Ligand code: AMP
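Only one chain comes next, encoded as structure tokens, the form predicted alone.
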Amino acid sequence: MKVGIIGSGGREHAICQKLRDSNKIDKIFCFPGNAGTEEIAENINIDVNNFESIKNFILDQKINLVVIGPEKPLVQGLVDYLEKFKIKVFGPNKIASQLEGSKIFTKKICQKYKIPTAKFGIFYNKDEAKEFLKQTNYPTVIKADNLASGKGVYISKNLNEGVIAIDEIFEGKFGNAKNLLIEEFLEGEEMSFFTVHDGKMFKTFGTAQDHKRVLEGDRGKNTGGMGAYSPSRLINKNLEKKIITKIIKPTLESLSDMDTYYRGFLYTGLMIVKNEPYLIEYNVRMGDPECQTILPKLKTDLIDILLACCEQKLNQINIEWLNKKSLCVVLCSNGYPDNFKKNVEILNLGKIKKKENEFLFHAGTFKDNGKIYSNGGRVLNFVSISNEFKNAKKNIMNNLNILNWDNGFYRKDIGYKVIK
């Protein structure tokens, strides 16, 4: 069969690699892909915002299944559009994708269905938001309502920082913002909890701990993710039951009450406070870099899971995992998440000889005349799975030292809470 993957990041390379491992797939197309996917699939240079061009290519090539990696085409309704032409797509529809597309949409669901989350206020202009800040407790959390590639969240320690956050959001740093959220700050530890859905039922799909801050010690600006490890050190049977009962099932009920359903991966971002889960956010796809961290542990053929979801037969699939620890370190361009240089050649990639259970997923890269260049803030993802997090980290650091890329940096403390 033929499969198409929409996206160009590390998540899409990891999905592409896992599908490439299946003997049921003859050909993979990536729209537009990166230098890593080009080694194992055919990259197609199509604008992912041009739904008609994507649809025409899929029909011309008789692609059997399309997997949508990033959030933007999901929120814009690519699933709904392709399904009109009887194209099989893995991913949530436009209404369900509002779980990520609008934080206010999700917060209103939390309110109505009594889902545990931080107390919040919705503000539609700068003045009323700044006035509210004068009476709030600090630290406080300020969020852009719209898609912000994981970066539109500020933890403000005082009034001055809060005012800067409000100005940046309303002045369009993350796109056109008509409103924002101000939330109470929850003291706890974050965790990413994943499920996979077929529209009728769902199954768990692993846990991870992401490191969002750009600097070691979890300091500095928020990023799309500097690294992750899986499983989360917080997960236990009792907590998992609470997450499913108090958060995921009421959310699915809310979608059902809107006459819709959820199909695809669902990323539930949580704050765990004394073994109690609070919803921070939903992402309507696998996380990045959590996907790169989790997928290498999957034993079940990924294509079987995706097809079962599209055919509402997930109940017939037994999802099996390697009993391993997984760690991912993201190599970024100097200057990220602010200004950084593009089109910088990445030397020494050929010197890295990956051992079994070591992976190198490309994110912001492209190939030109046999050479590989950077074209993004997050450039490469180094992943290792092992019996111990410590060994996985050691393997990754060895490969990063071999690469020795002058134009990049990475956090050396990924997994510090699970590595003694």
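Heads up: residue numbers just count along the shown sequence, starting at 1. Everything quoted here is computed from the prediction, not taken from an experiment.
The following text describes the form predicted together with this ligand, which does not appear among the structures shown.
Residue in contact with this ligand in the predicted bound form (any heavy atom within 4.5 Å), chosen from L133, I305, L349, V141: V141. For the candidate set L298, A118, I87, I248, a heavy atom within 4.5 Å of this ligand in the predicted bound form is found for exactly one residue, namely A118. Using a 4.5 Å cut-off to this ligand in the predicted bound form, not one of V329, M397 and L403 places a heavy atom inside that distance. Interface residue remark: E161 is not counted as part of the site for this ligand in the predicted bound form, having no heavy atom within 4.5 Å. Residue contact with this ligand in the predicted bound form: T195 places no heavy atom within 4.5 Å of it. This ligand is not drawn, but in the predicted bound form it has no heavy atom within 4.5 Å of C310. For F185, a non-hydrogen atom is located within 4.5 Å of this ligand in the predicted bound form, even though that partner is not displayed. Contact with this ligand, judged by heavy atoms within 4.5 Å in the predicted bound form, is confined among 273 to 281, 254 to 262, 340 to 348, 236 to 244 to 273 to 281.
Residues of 153 to 167 lying near this ligand in the predicted bound form, listed in sequence order, are V153, I155, the criterion being any heavy atom within 4.5 Å.
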